[in-house]
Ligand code: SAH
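Only one chain comes next, encoded as structure tokens, the form predicted alone.
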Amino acid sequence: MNDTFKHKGLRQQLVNTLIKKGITDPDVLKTIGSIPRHLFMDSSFLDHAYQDKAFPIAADQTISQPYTVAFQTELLKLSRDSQILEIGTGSGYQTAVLCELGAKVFSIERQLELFKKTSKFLPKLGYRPRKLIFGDGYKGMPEDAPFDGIIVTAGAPYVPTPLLSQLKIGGRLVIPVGNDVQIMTLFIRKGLKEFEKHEFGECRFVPLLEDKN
């Protein structure tokens, strides 16, 4: 699992691209600059690992565009030891970003092939989520709630009520909402039944799947 000077140089170019696109959080930028994204990708895409693009991975899923990873992470406003629920472990790249930032990460993947692969792979790179399960992201992890933040890395046709209910007061849910095209949406929990909603424009994700277990 090589991480060469060339890779590090390409990562710095990627960081510069993200800055130009409006990412400002220095911790997020430093993290993107330190994690070897090429190790999370299929070998046929290795030459493209540090382009700001999404690429296919196993089980008809994708590794998200670096800008999207950075933007969603920035919206979480996490601090060290934040308890974060990730819906859609995927390749584990977003998981690694959250771990690198010092979050306590709880992650759910509902593609068994990806779950098996990523749960073995992340520890090899030194990333150890608090919990990584195979399950239905629409249900969240009520047994480990409440969370400081919840990040959804697939397109949800609607906002799952269990996810909103599993946020702490002041907690933030970052979720792409919609069918073919999604709107990146942030919910901030203000009270027991009160949520503040912010929308950040269109994006495209693979769909958030439900109830296959």
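This structure is a prediction, so every number in the text was calculated from the model and none was measured. The numbering used is simple: start at 1 and walk along the sequence shown.
The discussion below concerns the form predicted in complex with the ligand, not included here.
Of the stretches 54 to 62, 27 to 35, 142 to 150, 181 to 189, only 54 to 62 has residues with a heavy atom within 4.5 Å of the ligand in the model of the complex. Contact annotation: of the candidates Val174, Leu164, Ala49, Ala154, the single residue with a non-hydrogen atom within 4.5 angstroms of the ligand in the model of the complex is Ala154.
For the chain shown alone, Thr73 is not a contact residue for the ligand in the model of the complex, no non-hydrogen atom being within 4.5 angstroms. Although the partner is absent here, Asp136 sits close enough that one of its heavy atoms falls within 4.5 Å of the ligand in the model of the complex. Contact check for Gly92: a heavy atom falls within 4.5 Å of the ligand in the model of the complex. In the model of the complex, Gly88 approaches the ligand with a heavy atom inside 4.5 Å. Residues from 103 to 139 that approach the ligand in the model of the complex with a non-hydrogen atom closer than or equal to 4.5 Å are Ile108, Glu109, Arg110, Gln111, Leu114, Gly135, Asp136, Gly137, Tyr138, in the order they occur in the chain.
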